[in-house]
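The chain below stands alone and is given as structure tokens, in the form predicted alone.
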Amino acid sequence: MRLELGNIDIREIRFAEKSEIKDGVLYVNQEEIVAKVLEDDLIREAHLDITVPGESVRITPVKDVIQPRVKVEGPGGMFPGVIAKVDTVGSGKTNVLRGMAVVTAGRIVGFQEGIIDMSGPGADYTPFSQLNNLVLVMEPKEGIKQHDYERAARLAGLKTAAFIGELAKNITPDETKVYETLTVKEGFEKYPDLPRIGYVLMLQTQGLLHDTYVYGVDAKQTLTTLISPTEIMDGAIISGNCVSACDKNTTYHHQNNPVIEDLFEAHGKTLNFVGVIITNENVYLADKMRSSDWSAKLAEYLSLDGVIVSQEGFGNPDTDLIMNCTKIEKKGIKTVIITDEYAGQDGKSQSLADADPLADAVVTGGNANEVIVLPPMEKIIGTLDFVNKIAGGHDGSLREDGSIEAEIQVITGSTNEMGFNKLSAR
């Protein structure tokens, strides 16, 4: 598969009468987008806001972050199986609005939602403080169930991102990057002397608002399988979960997976990037065993020499992580796992809920229990009503002056287990 990503740099977002992109500025007609969002009768009201890096703004509770993209050439469309039809994506040309994101926020869905500070110490922990953000704030109708509200909020964000992306369809990119994956046979022939490396991408699928979707299908309903990395870049995987904000993979994380980016960068030079195995994180032991068996089986089938495994979430999924690691190691394939830690506020507790001597190459995204004080901000987008309740907060986290004392667990993306953050140790 060969995919060209055309990056269009967005330097500023402004509200205007006409939605369009000109000279690096995204102009947005707020009423036009809100009308599309309110087509869903589960959403009572909605409005848009704009944030820029460095300003005194706090966004909370954050649900998802999405990068607008648009198919310019080739099969499929954005977010296949959800917004676009179910066509296989990952080839052709796609334009990307670089430097911006759509952020969804509003009344809480589940307690594991997060905070994005655009300045101050909290901004140093999240990559989304460095973007121009178009924030969609929603209020649900009274009495609707959490799952229905989550679905409505998720679709509203995707619709908004797809609408914004369409504005870039006929714009010449500022930069174009080409990504290409070979067939198994082609890879053997072209790079016979390079180590064959794969990536096992663990998807959060524990249910109860802990869901990830692949081509529109809830991934807990699937078996471990293969997917082209360019399909992931093209929107085949979207977030639908409310796990702790610090290590949740938002849709933006999937679109810009840094493990995939780094493997492509090394492809043909120091390694042969063979492909991606996606596997789910389950609740029941039998399901964990089944999925990890398949991860190891597929890694062996592809004749891999090494595998990188990334996790999403913590606690129960630590068992899936260690099962994937040890079973692949026992096939004679070297593994490196990417995780984060819940080692207590003093850093002295056990970092993972499971462990094994074979898991001897570990990259950590940091300790989510580390305590931080977030200073008050001049502007709040969303509401502070739930700061004491979200994972990482406590009764009294929100102080009278508007500052917040909490674990970095509350910050969206702070200990991301794809390594999409600023904390790391080996």
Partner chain sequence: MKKFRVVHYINQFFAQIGGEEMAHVPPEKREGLVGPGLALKQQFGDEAEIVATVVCGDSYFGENTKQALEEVMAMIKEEKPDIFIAGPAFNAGRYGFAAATVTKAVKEELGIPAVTGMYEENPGVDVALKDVYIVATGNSAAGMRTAAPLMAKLALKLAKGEAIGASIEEGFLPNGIRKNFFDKERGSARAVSMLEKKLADKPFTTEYPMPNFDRVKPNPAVADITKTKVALVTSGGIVPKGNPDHIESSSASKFGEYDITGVDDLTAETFETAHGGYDPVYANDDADRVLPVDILREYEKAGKIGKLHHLYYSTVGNGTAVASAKKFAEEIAKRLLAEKVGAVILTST
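Numbering follows the first chain given and starts at 1. Predicted model, so just to flag it, every value in this text is computed and none were measured.
The following text describes the form predicted together with its partner chain, which does not appear among the structures shown.
- The contact residue chosen from M118, M138, V276, I197 relative to its partner chain in the model of the complex is I197, the criterion being a non-hydrogen atom within 4.5 angstroms.
- Residue in contact with its partner chain in the model of the complex (any heavy atom within 4.5 Å), chosen from L38, V363, L384, I50: V363.
- Looking at 121-129, 167-175, 91-99, 233-241, the stretch with residues near its partner chain in the model of the complex, meaning non-hydrogen atoms within 4.5 angstroms, turns out to be 121-129.
- Although the partner is absent here, I338 sits close enough that one of its heavy atoms falls within 4.5 Å of its partner chain in the model of the complex.
- Taking the partner from the other structure, its partner chain in the model of the complex has a heavy atom within 4.5 Å of a heavy atom of K334.
- Taking the partner from the other structure, its partner chain in the model of the complex has no heavy atom within 4.5 Å of any heavy atom of K288.
- Contact annotation: G344 falls within 4.5 Å of its partner chain in the model of the complex, judged by heavy atom distances.
- Heavy atoms of every residue among H147, T270 and K389 are located within 4.5 Å of its partner chain in the model of the complex.
- Residues K389, I390, A391, G392, G393, H394, D395, E407, I408, Q409 of 389-413 are found to place at least one heavy atom within 4.5 Å of its partner chain in the model of the complex.
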